[in-house]
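In C-alpha coordinates, the next block holds one chain alone, the form predicted alone.
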(Lines give C-alpha, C1' and ligand atoms only; values in the text may rest on other atoms or scores of the structure.)
Protein backbone atom coordinates (compact mmCIF):
# COMPACT_ATOMS: atom_id res chain seq x y z
CA UNK A 1 0.00 0.00 0.00
CA UNK A 2 1.37 3.42 -0.88
CA UNK A 3 2.36 5.68 1.97
CA UNK A 4 0.91 8.70 0.18
CA UNK A 5 -2.81 9.04 -0.04
CA UNK A 6 -4.11 10.20 -3.41
CA UNK A 7 -6.52 13.11 -3.39
CA UNK A 8 -9.91 12.35 -4.88
CA UNK A 9 -10.43 14.20 -8.17
CA UNK A 10 -12.82 17.08 -7.96
CA UNK A 11 -16.00 16.38 -9.87
CA UNK A 12 -16.61 18.70 -12.82
CA UNK A 13 -19.76 20.71 -12.33
CA UNK A 14 -22.24 21.13 -15.21
CA UNK A 15 -21.60 24.89 -15.15
CA UNK A 16 -17.87 24.36 -15.59
CA UNK A 17 -18.47 21.89 -18.41
CA UNK A 18 -20.67 24.51 -20.09
CA UNK A 19 -17.96 27.18 -19.84
CA UNK A 20 -15.12 24.96 -20.99
CA UNK A 21 -15.85 25.18 -24.77
CA UNK A 22 -16.10 28.97 -24.53
CA UNK A 23 -12.72 29.15 -22.84
CA UNK A 24 -11.18 27.23 -25.74
CA UNK A 25 -12.93 29.51 -28.22
CA UNK A 26 -12.07 32.74 -26.40
CA UNK A 27 -8.80 33.52 -28.28
CA UNK A 28 -10.46 33.03 -31.67
CA UNK A 29 -13.50 35.06 -30.59
CA UNK A 30 -11.28 37.92 -29.43
CA UNK A 31 -9.46 37.99 -32.78
CA UNK A 32 -12.77 37.89 -34.65
CA UNK A 33 -14.16 40.70 -32.51
CA UNK A 34 -11.15 42.88 -33.26
CA UNK A 35 -10.82 42.01 -36.95
CA UNK A 36 -14.47 41.60 -37.95
CA UNK A 37 -17.03 42.79 -35.41
CA UNK A 38 -15.65 46.30 -34.89
CA UNK A 39 -15.17 47.10 -38.62
CA UNK A 40 -18.65 45.70 -39.26
CA UNK A 41 -20.04 47.91 -36.50
CA UNK A 42 -18.38 50.95 -38.09
CA UNK A 43 -19.73 49.97 -41.51
CA UNK A 44 -23.28 49.77 -40.18
CA UNK A 45 -22.86 53.02 -38.22
CA UNK A 46 -21.61 55.01 -41.24
CA UNK A 47 -24.52 53.75 -43.33
CA UNK A 48 -26.91 55.65 -41.03
CA UNK A 49 -25.24 59.03 -41.61
CA UNK A 50 -24.92 61.58 -44.38
CA UNK A 51 -21.21 60.98 -44.89
CA UNK A 52 -19.69 62.52 -48.01
CA UNK A 53 -16.62 64.57 -48.89
CA UNK A 54 -17.77 67.71 -46.98
CA UNK A 55 -18.13 65.64 -43.80
CA UNK A 56 -14.75 63.97 -44.38
CA UNK A 57 -13.11 67.40 -44.86
CA UNK A 58 -14.86 68.82 -41.79
CA UNK A 59 -16.69 71.50 -43.78
CA UNK A 60 -20.09 70.16 -42.74
CA UNK A 61 -21.03 68.23 -39.59
CA UNK A 62 -22.15 64.63 -39.63
CA UNK A 63 -25.92 64.30 -39.89
CA UNK A 64 -27.86 61.23 -38.78
CA UNK A 65 -30.26 60.22 -41.58
CA UNK A 66 -31.46 56.84 -40.31
CA UNK A 67 -32.49 54.54 -43.14
CA UNK A 68 -32.41 57.23 -45.86
CA UNK A 69 -29.38 55.70 -47.57
CA UNK A 70 -31.11 52.33 -47.76
CA UNK A 71 -34.32 53.97 -49.01
CA UNK A 72 -32.32 55.73 -51.74
CA UNK A 73 -30.70 52.46 -52.78
CA UNK A 74 -33.94 50.48 -52.84
CA UNK A 75 -35.56 53.21 -54.95
CA UNK A 76 -32.74 53.18 -57.51
CA UNK A 77 -33.31 50.87 -60.49
CA UNK A 78 -29.54 50.68 -61.06
CA UNK A 79 -29.10 49.03 -57.66
CA UNK A 80 -31.61 46.30 -58.50
CA UNK A 81 -29.87 45.71 -61.84
CA UNK A 82 -26.51 45.39 -60.07
CA UNK A 83 -28.05 43.04 -57.49
CA UNK A 84 -29.47 40.84 -60.27
CA UNK A 85 -26.07 40.85 -62.00
CA UNK A 86 -24.37 39.78 -58.76
CA UNK A 87 -26.75 36.92 -57.98
CA UNK A 88 -26.85 35.61 -61.57
CA UNK A 89 -23.08 35.86 -62.06
CA UNK A 90 -22.34 34.23 -58.69
CA UNK A 91 -24.84 31.40 -59.28
CA UNK A 92 -23.34 30.60 -62.71
CA UNK A 93 -19.78 30.69 -61.34
CA UNK A 94 -20.64 28.47 -58.34
CA UNK A 95 -22.34 25.84 -60.51
CA UNK A 96 -19.52 25.85 -63.08
CA UNK A 97 -16.85 25.69 -60.36
CA UNK A 98 -18.54 22.74 -58.63
CA UNK A 99 -18.99 20.91 -61.94
CA UNK A 100 -15.40 21.41 -63.14
CA UNK A 101 -13.86 20.73 -59.72
CA UNK A 102 -16.04 17.67 -59.09
CA UNK A 103 -15.41 16.18 -62.54
CA UNK A 104 -11.64 16.62 -62.21
CA UNK A 105 -11.71 15.15 -58.67
CA UNK A 106 -13.38 11.99 -60.02
CA UNK A 107 -10.98 11.94 -62.96
CA UNK A 108 -8.00 12.22 -60.60
CA UNK A 109 -8.99 8.98 -58.87
CA UNK A 110 -8.62 7.13 -62.20
CA UNK A 111 -5.28 8.61 -63.27
CA UNK A 112 -1.83 7.20 -62.69
CA UNK A 113 0.27 8.71 -59.94
CA UNK A 114 2.45 10.88 -62.19
CA UNK A 115 -0.40 12.20 -64.31
CA UNK A 116 -2.41 12.96 -61.17
CA UNK A 117 0.56 14.81 -59.68
CA UNK A 118 0.88 16.89 -62.86
CA UNK A 119 -2.85 17.67 -62.75
CA UNK A 120 -2.67 18.78 -59.11
CA UNK A 121 0.42 20.92 -59.69
CA UNK A 122 -1.23 22.63 -62.66
CA UNK A 123 -4.39 23.26 -60.67
CA UNK A 124 -2.50 24.56 -57.65
CA UNK A 125 -0.54 26.93 -59.91
CA UNK A 126 -3.84 28.38 -61.13
CA UNK A 127 -5.07 28.62 -57.53
CA UNK A 128 -1.88 30.36 -56.36
CA UNK A 129 -1.90 32.92 -59.16
CA UNK A 130 -2.93 36.35 -57.81
CA UNK A 131 -6.27 37.55 -59.12
CA UNK A 132 -4.69 40.66 -60.66
CA UNK A 133 -2.10 38.62 -62.56
CA UNK A 134 -4.65 36.03 -63.68
CA UNK A 135 -7.00 38.74 -64.93
CA UNK A 136 -4.21 40.40 -66.93
CA UNK A 137 -3.20 37.07 -68.50
CA UNK A 138 -6.78 36.26 -69.50
CA UNK A 139 -7.22 39.74 -70.96
CA UNK A 140 -4.12 39.19 -73.09
CA UNK A 141 -5.32 35.74 -74.23
CA UNK A 142 -8.62 37.26 -75.41
CA UNK A 143 -7.20 40.55 -76.70
CA UNK A 144 -9.06 41.61 -79.90
CA UNK A 145 -5.85 42.15 -81.94
CA UNK A 146 -2.98 40.25 -80.31
CA UNK A 147 -4.84 37.55 -78.36
CA UNK A 148 -4.02 33.98 -79.41
CA UNK A 149 -7.66 32.90 -78.93
CA UNK A 150 -8.99 35.30 -81.58
CA UNK A 151 -6.10 34.43 -83.90
CA UNK A 152 -6.77 30.70 -83.50
CA UNK A 153 -10.52 31.10 -84.12
CA UNK A 154 -9.86 33.31 -87.14
CA UNK A 155 -7.37 30.75 -88.42
CA UNK A 156 -10.11 28.11 -88.27
CA UNK A 157 -12.18 30.19 -90.66
CA UNK A 158 -14.37 31.94 -88.08
CA UNK A 159 -13.95 35.42 -89.53
CA UNK A 160 -16.37 36.95 -87.02
CA UNK A 161 -13.72 36.62 -84.32
CA UNK A 162 -11.14 38.73 -86.17
CA UNK A 163 -10.77 41.82 -83.99
CA UNK A 164 -13.67 40.65 -81.80
CA UNK A 165 -13.83 42.32 -78.37
CA UNK A 166 -14.88 39.87 -75.67
CA UNK A 167 -15.38 42.63 -73.11
CA UNK A 168 -17.65 44.88 -75.20
CA UNK A 169 -20.92 42.98 -74.87
CA UNK A 170 -22.47 42.42 -71.46
CA UNK A 171 -22.82 38.63 -71.64
CA UNK A 172 -19.52 37.94 -73.42
CA UNK A 173 -17.75 40.06 -70.79
CA UNK A 174 -19.49 38.20 -67.97
CA UNK A 175 -18.61 34.91 -69.69
CA UNK A 176 -14.93 35.85 -69.95
CA UNK A 177 -14.73 37.02 -66.33
CA UNK A 178 -16.67 33.95 -65.19
CA UNK A 179 -14.24 31.64 -67.00
CA UNK A 180 -11.34 33.33 -65.22
CA UNK A 181 -13.11 33.01 -61.85
CA UNK A 182 -13.78 29.31 -62.41
CA UNK A 183 -10.17 28.80 -63.56
CA UNK A 184 -8.78 30.16 -60.28
CA UNK A 185 -11.49 28.62 -58.04
CA UNK A 186 -11.92 25.01 -59.20
CA UNK A 187 -8.64 23.73 -57.61
CA UNK A 188 -10.07 24.22 -54.10
CA UNK A 189 -13.17 22.21 -55.04
CA UNK A 190 -11.10 19.53 -56.79
CA UNK A 191 -8.66 19.02 -53.91
CA UNK A 192 -11.41 18.98 -51.26
CA UNK A 193 -13.64 16.53 -53.13
CA UNK A 194 -10.69 14.33 -54.08
CA UNK A 195 -9.79 14.02 -50.39
CA UNK A 196 -13.44 13.20 -49.63
CA UNK A 197 -13.55 10.49 -52.32
CA UNK A 198 -10.33 8.91 -51.04
CA UNK A 199 -11.80 8.79 -47.52
CA UNK A 200 -14.71 6.60 -48.67
CA UNK A 201 -13.96 2.95 -47.75
CA UNK A 202 -13.23 0.78 -50.77
CA UNK A 203 -15.42 -1.95 -49.28
CA UNK A 204 -18.49 0.25 -49.68
CA UNK A 205 -17.81 0.84 -53.38
CA UNK A 206 -16.96 -2.83 -54.03
CA UNK A 207 -20.14 -3.96 -52.25
CA UNK A 208 -22.22 -1.61 -54.40
CA UNK A 209 -20.55 -2.93 -57.55
CA UNK A 210 -21.15 -6.54 -56.48
CA UNK A 211 -24.83 -5.62 -56.05
CA UNK A 212 -24.85 -4.55 -59.70
CA UNK A 213 -24.82 -0.75 -59.22
CA UNK A 214 -23.93 1.08 -62.43
CA UNK A 215 -21.40 3.93 -62.43
CA UNK A 216 -24.08 6.70 -62.49
CA UNK A 217 -26.02 4.93 -59.70
CA UNK A 218 -22.80 4.49 -57.74
CA UNK A 219 -22.01 8.19 -58.11
CA UNK A 220 -25.51 9.42 -57.23
CA UNK A 221 -26.50 6.81 -54.66
CA UNK A 222 -23.20 6.17 -52.87
CA UNK A 223 -20.52 8.77 -53.55
CA UNK A 224 -22.63 11.94 -53.54
CA UNK A 225 -24.38 11.30 -50.18
CA UNK A 226 -21.04 10.48 -48.53
CA UNK A 227 -19.47 13.61 -50.03
CA UNK A 228 -22.18 16.00 -48.85
CA UNK A 229 -20.21 17.39 -45.87
CA UNK A 230 -17.37 18.27 -48.25
CA UNK A 231 -19.85 19.55 -50.83
CA UNK A 232 -21.40 21.81 -48.20
CA UNK A 233 -18.02 23.36 -47.40
CA UNK A 234 -17.01 23.98 -51.01
CA UNK A 235 -20.48 25.28 -51.95
CA UNK A 236 -20.60 27.83 -49.13
CA UNK A 237 -17.01 28.87 -49.79
CA UNK A 238 -17.72 29.28 -53.51
CA UNK A 239 -20.85 31.34 -52.82
CA UNK A 240 -18.92 33.68 -50.54
CA UNK A 241 -16.06 34.07 -53.02
CA UNK A 242 -18.26 34.66 -56.05
CA UNK A 243 -20.81 37.03 -54.47
CA UNK A 244 -18.05 39.33 -53.22
CA UNK A 245 -16.05 39.20 -56.43
CA UNK A 246 -14.23 42.45 -57.14
CA UNK A 247 -10.78 42.19 -58.72
CA UNK A 248 -11.67 40.28 -61.89
CA UNK A 249 -14.71 42.45 -62.69
CA UNK A 250 -12.85 45.68 -61.96
CA UNK A 251 -9.77 44.81 -64.06
CA UNK A 252 -11.26 42.84 -66.95
CA UNK A 253 -14.23 45.17 -67.59
CA UNK A 254 -12.44 48.41 -66.70
CA UNK A 255 -14.49 49.08 -63.60
CA UNK A 256 -17.83 47.54 -64.54
CA UNK A 257 -18.11 47.50 -68.31
CA UNK A 258 -19.62 49.98 -70.76
CA UNK A 259 -22.23 52.08 -68.96
CA UNK A 260 -21.90 49.90 -65.86
CA UNK A 261 -23.42 46.88 -67.62
CA UNK A 262 -21.11 44.45 -65.74
CA UNK A 263 -21.30 46.02 -62.31
CA UNK A 264 -21.60 43.73 -59.28
CA UNK A 265 -22.25 44.79 -55.69
CA UNK A 266 -18.64 45.09 -54.53
CA UNK A 267 -17.55 47.18 -57.53
CA UNK A 268 -20.74 49.23 -57.24
CA UNK A 269 -19.99 49.93 -53.57
CA UNK A 270 -16.42 50.92 -54.43
CA UNK A 271 -17.62 53.35 -57.12
CA UNK A 272 -20.20 54.91 -54.81
CA UNK A 273 -17.80 55.23 -51.88
CA UNK A 274 -14.55 56.27 -53.56
CA UNK A 275 -15.36 57.46 -57.09
CA UNK A 276 -18.47 59.45 -56.08
CA UNK A 277 -17.37 60.15 -52.47
CA UNK A 278 -20.73 58.87 -51.18
CA UNK A 279 -19.20 56.87 -48.35
CA UNK A 280 -22.48 56.25 -46.54
CA UNK A 281 -24.09 54.80 -49.67
CA UNK A 282 -21.03 52.58 -50.18
CA UNK A 283 -21.32 51.43 -46.57
CA UNK A 284 -25.02 50.66 -47.03
CA UNK A 285 -24.19 48.51 -50.07
CA UNK A 286 -21.54 46.73 -47.99
CA UNK A 287 -24.10 46.00 -45.26
CA UNK A 288 -26.57 44.66 -47.83
CA UNK A 289 -23.87 42.42 -49.33
CA UNK A 290 -23.02 41.04 -45.88
CA UNK A 291 -26.68 40.36 -45.08
CA UNK A 292 -27.13 38.72 -48.49
CA UNK A 293 -24.22 36.36 -47.87
CA UNK A 294 -25.40 35.53 -44.36
CA UNK A 295 -28.94 34.91 -45.64
CA UNK A 296 -27.80 32.58 -48.45
CA UNK A 297 -25.54 30.64 -46.08
CA UNK A 298 -28.22 30.25 -43.39
CA UNK A 299 -30.88 29.16 -45.90
CA UNK A 300 -28.50 26.63 -47.43
CA UNK A 301 -27.50 25.18 -44.04
CA UNK A 302 -31.11 25.02 -42.85
CA UNK A 303 -32.16 23.21 -46.03
CA UNK A 304 -29.39 20.66 -45.45
CA UNK A 305 -30.42 20.21 -41.82
CA UNK A 306 -34.06 19.68 -42.80
CA UNK A 307 -32.87 16.87 -45.08
CA UNK A 308 -30.91 15.30 -42.23
CA UNK A 309 -27.54 16.33 -43.63
CA UNK A 310 -25.33 19.23 -42.67
CA UNK A 311 -21.69 19.49 -41.64
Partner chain sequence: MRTRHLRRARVDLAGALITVAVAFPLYWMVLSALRPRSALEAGEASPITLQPSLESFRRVLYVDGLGQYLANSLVVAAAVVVGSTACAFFAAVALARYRFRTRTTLLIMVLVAQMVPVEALTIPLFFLMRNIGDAVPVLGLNHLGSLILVHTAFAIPLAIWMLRGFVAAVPRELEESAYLDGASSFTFVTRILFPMVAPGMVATSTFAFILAWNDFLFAKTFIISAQENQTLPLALLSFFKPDENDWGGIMAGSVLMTVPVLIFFMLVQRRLVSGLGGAVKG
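Quick caveat: nothing in here was measured; it's all calculated off a predicted structure. C-alpha atoms forming the largest set that superposes within 1.5 Å between two forms make up the rigid core. Residue numbers count along the first chain shown, from 1.
This protein has a second form, the form predicted together with the partner chain, left out of what is shown; the following refers to that one.
* Identify whether the partner chain in the model of the complex is within 4.5 Å of every residue in the set 95, 205 and 220, based on non-hydrogen atoms. => No residue of the spot touches the partner chain in the model of the complex.
* From the list 67, 36, 59, 275, which entry has a heavy atom within 4.5 Å of the partner chain in the model of the complex? -> Result of the distance check: 36.
* Asked: 82, 239, 139, 73: which sits within 4.5 Å of the partner chain in the model of the complex by any heavy atom?
  -> Result of the distance check: 139.
* Asked: Heavy atoms within 4.5 Å of the partner chain in the model of the complex: does residue 184 have any?
  -> Yes.
* Asked: How about residue 87: is it within 4.5 Å of the partner chain in the model of the complex, going by heavy atoms?
  -> Answer no; every heavy atom of residue 87 is more than 4.5 Å from the partner chain in the model of the complex.
* Asked: Looking at the partner-bound form in the model of the complex, is residue 125 within 4.5 Å of the partner chain by any heavy atom?
  -> Close contact exists here: in the model of the complex, residue 125 approaches the partner chain to within 4.5 Å, heavy atoms only.
* residue 158, heavy atom within 4.5 angstroms of the partner chain in the model of the complex -> Result no; residue 158 lies far from the partner chain in the model of the complex.
* Asked: Based on heavy atom distances of at most 4.5 Å to the partner chain in the model of the complex, which listed stretch, 128-136, 74-82, 165-173, 221-229, is the contact stretch?
  -> Among the listed stretches, the partner-contacting one is 128-136.
* Asked: Judged by heavy atom distances of 4.5 Å or less, which residues of 239-255 approach the partner chain in the model of the complex?
  -> Heavy-atom contacts to the partner chain in the model of the complex: 240, 241, 244, 246, 247, 250, 251.
* To do: With both forms fitted on the core, give yes or no for whether the Cα of residue 66 moves by 2 angstroms or more between the shown form and the other one.
  => Shift of 2 Å or more: no.
* Asked: Is residue 296 among the residues whose Cα moves by 2 Å or more between the shown form and the other one after superposition of the rigid core?
  -> Comparing the forms between the shown form and the other one, which are aligned on their rigid core, residue 296 does shift its C-alpha by 2 Å or more.
* Per-residue C-alpha change between the shown form and the other one, residue 27, threshold 2 Å, rigid core fit -> Comparing the forms between the shown form and the other one, which are aligned on their rigid core, residue 27 does shift its C-alpha by 2 Å or more.
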